[in-house]
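Only one chain is given next, in structure tokens, and it is the form predicted alone.
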Amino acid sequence: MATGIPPKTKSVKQKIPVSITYDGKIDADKILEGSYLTFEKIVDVNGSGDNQLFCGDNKDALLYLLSNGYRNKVKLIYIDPPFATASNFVNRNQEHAYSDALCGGEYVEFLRERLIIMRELLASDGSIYLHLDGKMAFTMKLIMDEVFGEENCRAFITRKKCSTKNYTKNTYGNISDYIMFYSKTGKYIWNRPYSPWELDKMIEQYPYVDEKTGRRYKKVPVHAPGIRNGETGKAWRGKLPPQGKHWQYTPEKLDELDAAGEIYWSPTGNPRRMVFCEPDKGIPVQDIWLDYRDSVNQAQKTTGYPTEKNYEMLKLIVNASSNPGDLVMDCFAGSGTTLGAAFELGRQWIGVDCGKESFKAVIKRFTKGLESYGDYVSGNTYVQCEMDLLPKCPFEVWGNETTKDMILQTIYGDEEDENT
């Protein structure tokens, strides 16, 4: 891959911003000045207010949080909103879970309004991940640039969401979706994630073995494109960098690397940098994710909620962009995968959703645990989460008696009575 040469002088020409125009686009200040409705359903975990599940329109919940001490408090937001499919979705028992009816400009404004409020809730070192498919991802990328700043786009991740589709006849199989990772500012929490090395990949990428230490390494150039007139453009050990290039390091630094045994000298006397493999650290995760598919086999545990995302993927995101004790939010909570990942990793969480089936799925996740994905024929056998959440995460109800009855039915339903 070709490497570009940075310009010698930065252009002073002002960059022309790009924006989307559509009917019904509301000024950001008016959105933030909006009022919110009183919630009928709020569930508090542990009775301390640390973890909260809001049941209602997430715009109301976000405005409520903004007006009640959460401005600049949230360290990480992950959202997996509807994908503008113009479809209805049902749970495992074929019960209606939610409708995905909005499309076009109406959908864009629906999401944009909520993103603007989320920006105000994010801490200065906070980040947001927006998960969409190819239908609206590229439109919303422009909105994300508008709301959070193009310069704060940290990654545009492509994820393999499912197995290969062999039944696609007239086009390529649709097996990908996209996750946009933005920070609020240039200084943000980042705990770089790594995946374990596989031996064949390690040998492929680090093909040489150092005779002195036995460590595997690869050779990389010690020069870079572009002419420099300073120290990196001067001769080192009697050698000038190749024509049109400069040393990546000053001669003094190159001497240090050579003394440390990190410079390889070819038979013709050309220097190369020896980059050693660190097998204990693993491979830095890149922006194509192939190992986080959703519900790929019958042994996988889920709540049965439609569009439930991969739990290990959410753990990766939570670990990468927050620290223990931080506040994590998902205001399209669905089955509560983000909330479960945050809880397991020692974060506080806030979840919001308007659907009854979502509410029930989150309660199930934190009380009964998850079911095997394939438990359709043999009957529902609940498997307690490995975290043993029930004694740690009791639910105290804030709301009316109808809400309380629904929660109790979810936790202690008829199947529970039969097993007692």
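Source: prediction; values computed, not measured. Counting begins at 1, following the sequence as shown.
The same protein also has a form predicted together with a small molecule, omitted here; what follows describes it.
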Within 4.5 Å, heavy atoms only: does F332 come near the small molecule in the predicted bound form? yes
Heavy atom of Q248 within 4.5 Å of the small molecule in the predicted bound form: no
Counting only non-hydrogen atoms and a 4.5 angstroms cut-off, does S358 reach the small molecule in the predicted bound form? yes
In the predicted bound form, does D80 come within 4.5 Å of the small molecule, counting heavy atoms only? yes
Can you check 262-270, 306-314, 171-179, 118-126 and let me know which stretch has heavy atoms within 4.5 Å of the small molecule in the predicted bound form? 306-314
Interface residue in the predicted bound form among R114, R347, K75, K184, criterion: non-hydrogen atom within 4.5 angstroms of the small molecule: R114
Tell me whether D57, F110 and T337, taken together, all sit within 4.5 Å of the small molecule in the predicted bound form, counting heavy atoms only. yes
